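This document starts with one chain, in the form predicted on its own, laid out as structure tokens.
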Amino acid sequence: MEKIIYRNRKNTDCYKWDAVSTKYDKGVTIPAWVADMDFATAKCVRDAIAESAKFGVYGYYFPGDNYYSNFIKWEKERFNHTVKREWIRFSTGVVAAINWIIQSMTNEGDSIIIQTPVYHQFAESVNSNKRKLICNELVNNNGTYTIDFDDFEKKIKDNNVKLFILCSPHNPVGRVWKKDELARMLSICSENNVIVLSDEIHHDFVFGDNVHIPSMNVSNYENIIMLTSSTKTFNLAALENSIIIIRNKKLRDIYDSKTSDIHESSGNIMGYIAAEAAFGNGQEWLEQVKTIIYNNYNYLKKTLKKKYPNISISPLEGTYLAWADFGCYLKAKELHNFFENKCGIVFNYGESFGNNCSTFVRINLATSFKNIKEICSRITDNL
């Protein structure tokens, strides 16, 4: 069995660990914000990169058959998702792809809908590209979030929405959408000719009896674009290799024209090699990491709620991010000072994910148990 290696990333030019010295108070010692992991990636990936590095030639590169076949097999075996090679396109990252698709498939002033609270880059991408942001607020039922379908449909119709950015599994609330939930959303989009941009980058992190269902498996609607990557699953974000699945040829042609115009239709050699190795042989590593993450979540939830029972911690159905509301114990204006200066911790704060979240934090669970234990200790000692 492969050993999972925790790395101390401080003073390694790691954004998650080292940027806190400039972005936040210098007393911060445990960052649990940026969504990457503190584990060395799978041995198969490290070996593949090392072998390529030894060769010493890093000229222009294009991926071979195994890059595609390994990913196609991964999707089929884990999700019963049939992907054809001709549907697959490249992006440096999911956020980049969201922006490219907004730019190429909508016009300035067009309405784009998202479901808040949600990953902050969704709103930023809409606003920075001068599109109209429409928010369908998720319904918070004691920490478990559901969809207000009537509001979703009404806002699509009233605003002539052109694009829906779906987060599945949902970051930060941890929901893994059920088939009926996905089917209803996709049906509404189909009836109103809304392009669905489905961010499924967290799809490998699903826990308990929950099952991730790819959007493309739920509906035959042609205007669905899926975004995913090995980068979140195997901690490869800096290698910038993401996969875009577009089964509608018209939309593929639009995407191809965009990436050709900006000269971003292919990536770097190490990103391709890492993804090929990860999808080919990384499953054992992933399952062990998922166990660590879920154990971290259970400890965090049990420890905090034992002392502070009114803290709301959403069920972790998917992702490796806990979503917690400290509003019964802290005012919104107190959060930053409490966590950063009193506890020496940095989380992502709820205010960046949407309205009505000012007392929430998003906690990255993909670190050592020692760090999670220390985070809990600092909170319970100071709150």
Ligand SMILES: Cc1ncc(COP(=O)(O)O)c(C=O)c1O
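What you see is a predicted model; the values in this text were computed from it and never measured. Don't overthink the numbering: it's just position in the shown sequence, from 1.
The same protein has a further form, the form predicted in complex with this ligand, not shown here; the description that follows concerns it.
**Q** Counting only non-hydrogen atoms and a 4.5 Å threshold, tell me whether W177, I213 and E317 all contact this ligand in the predicted complex.
**A** Not a single listed residue reaches this ligand in the predicted complex, so no.
**Q** With a 4.5 Å heavy atom cut-off, would you call A35 a contact of this ligand in the predicted complex?
**A** Answer yes; at least one heavy atom of A35 falls within 4.5 Å of this ligand in the predicted complex.
**Q** Is Q115 close enough to this ligand in the predicted complex to count, meaning some heavy atom within 4.5 Å?
**A** Answer no; every heavy atom of Q115 is more than 4.5 Å from this ligand in the predicted complex.
**Q** Does V95 reach this ligand in the predicted complex, with heavy atoms at most 4.5 Å apart?
**A** Looking in the predicted complex, residue contacts with this ligand include V95, since a heavy atom lies within 4.5 Å.
**Q** L163 near this ligand in the predicted complex, any heavy atom under 4.5 Å?
**A** No, L163 stays farther than 4.5 Å from this ligand in the predicted complex.
**Q** Have a look at I201, I102, L239, C189 for me and say which one sits with a heavy atom within 4.5 Å of this ligand in the predicted complex.
**A** Residue within 4.5 Å of the partner: I201.
**Q** The chain here is shown without this ligand. Which stretch in 269-277, 70-78, 305-313, 164-172 comes within 4.5 angstroms of it in the predicted complex, by heavy atom distance?
**A** Correct option: 164-172.
**Q** Which residues from 219-258 come close to this ligand in the predicted complex, meaning a heavy atom within 4.5 Å?
**A** Heavy-atom contacts to this ligand in the predicted complex: T231, K232, S242.
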